[in-house]
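Only one chain is shown below, in structure tokens, and it's the form predicted alone.
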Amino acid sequence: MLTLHGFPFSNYHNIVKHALMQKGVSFDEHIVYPNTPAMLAVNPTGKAPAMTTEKGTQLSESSVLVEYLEDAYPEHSLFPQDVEVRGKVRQLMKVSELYLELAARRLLPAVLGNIEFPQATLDEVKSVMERGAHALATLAEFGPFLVGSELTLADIYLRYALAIPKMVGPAKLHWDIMDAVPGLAEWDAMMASTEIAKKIDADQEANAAEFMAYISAPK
């Protein structure tokens, strides 16, 4: 059986976990933390998530993993059949990751560790996130999903990519992406209402104390 290595508090882990559950692929979840011997054994970069396929191949990087799942398990595809719309899905995935999640992640220590950042850094992060919000508002249809009537990988990616922007924006930038993109709050509530999302959110909450203990422990 396929094994997903990582931890439920990780949004990137949850992207892949949601895709697996949405596609109905059976998997084992191996809870393991970054840069530990167990993680390094399955991913030489020490990052989560990683995956061991049914054939024993070890893969990493969330975008690689979800693309692999589409190739290996084409049933219940999370990509549209139309190649033009498929390109738009990939574009939205990249916008979510590069302009929202990764930008906001720079300020995560300010939220988790109360570390102060210079104003120039705050301004730079906000500028990147505003560009991401503008791109999202331009590209997304919210009909009711990002590219129309069917859920795709773009929806799964954005749901978990928004986790950190929703924390750091209001807390550190006096800016809320949920207000910046019309229709986003309603879409977010719809995505959160599914049984898969509820299960993943519950697992994340249950993992929070253990993850916080891991990051607080001397390395």
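All figures in this text were calculated on a predicted structure; none of them were measured in a lab. Residue indices: 1-based, along the sequence shown.
Another form exists, predicted together with a small molecule; not displayed. Remarks below refer to it.
Interface residue among 61, 150, 67, 29 relative to the small molecule in the model of the complex, by the heavy atom within 4.5 Å criterion: 61.
Only one of 34 to 42, 168 to 176, 51 to 59, 189 to 197 places residue heavy atoms within 4.5 angstroms of the small molecule in the model of the complex, namely 34 to 42. For the chain shown alone, residue 204 is not a contact residue for the small molecule in the model of the complex, no non-hydrogen atom being within 4.5 angstroms.
For residue 105, a non-hydrogen atom is located within 4.5 Å of the small molecule in the model of the complex, even though that partner is not displayed. The closest heavy atom approach of residue 11 to the small molecule in the model of the complex falls within 4.5 Å. Taken together, the three residues 7, 47 and 157 all lie with some non-hydrogen atom within 4.5 angstroms of the small molecule in the model of the complex.
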